[in-house]
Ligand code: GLN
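Take a look at this single chain in structure tokens; it is the form predicted alone.
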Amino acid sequence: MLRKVVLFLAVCAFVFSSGFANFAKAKTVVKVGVDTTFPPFEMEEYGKVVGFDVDMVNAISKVEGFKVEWHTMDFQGLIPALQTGTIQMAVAGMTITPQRAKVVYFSKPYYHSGLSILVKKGSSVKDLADLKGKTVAVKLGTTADIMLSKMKGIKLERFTNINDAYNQLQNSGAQAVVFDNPVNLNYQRTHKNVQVVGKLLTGENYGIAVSKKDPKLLKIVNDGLEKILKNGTYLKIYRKYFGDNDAGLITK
């Protein structure tokens, strides 16, 4: 009889704890930092945060049962915000690098990218070597900024908003913009007087950054990413923003 009572209590405890865990998970609100100056990954439309990254995180939150609270900020403020606990996650077309991985966790890659050179049509700049002696506009704190800072003979103009870098190119204040290829291509599609030239300067992967204080959240994010890859949601979102261009597509 005692064994039956113990077994009954154990089953009740399991059901209660599982139910509570699911309830708590469903009610969890995750603060996510985002830089809305990175179209088509993140931007603002009519005061609302939208874009590929936004749709992807919302899809992950749906399959994993948490809610998202968006916090907009400059790109260079995202990792410090993760470290101080202002946010718990950041998604901003952030390249996975060894230096960043020392201070934040990264999810599995969700987009293949690389840096490219954008110039006005007719420019003499055709590749990386041609940037020597030129003024190049970059976004502050990005991998383009970091890479070109190590090269001699290039004058860098740094901006917190990539649109300001593009304006500098259009106003002839810079002879090139070096930035993430999908964003450069997105700008090229809507501005017929510019073009991407040369080969990709780097091969990079984007990841979702998570606070080092929250390894459980990292697992939830990776589990959710795997689920939307398998159920076709990721591909649907990818096609929405990039069409049939599979250059950045993650398949598993």
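Sequential numbering from 1, following the sequence displayed. None of these values were measured; they are calculated from a predicted model.
Note that the form predicted together with the ligand isn't included here; everything after this is about it.
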Original post:
Could you tell me if residue 92 has a non-hydrogen atom within 4.5 Å of the ligand in the model of the complex?
Top reply: yes
Subject >> Contact flag, residue 166 vs the ligand in the model of the complex, heavy atom cut 4.5 Å >> reply: no
Original post:
Are any of the heavy atoms in residue 158 no more than 4.5 Å from a heavy atom of the ligand in the model of the complex?
Top reply: no
Original post:
Within a 4.5 Å heavy atom cut-off, is residue 206 in contact with the ligand in the model of the complex?
Top reply: yes
Original post:
Only one of 120 to 128, 81 to 89, 178 to 186, 147 to 155 gets a heavy atom within 4.5 Å of the ligand in the model of the complex; which is it?
Top reply: 178 to 186
**OP:** Go through 134, 112, 108, 100 and name the one with a heavy atom inside 4.5 Å of the ligand in the model of the complex.
**Re:** 100
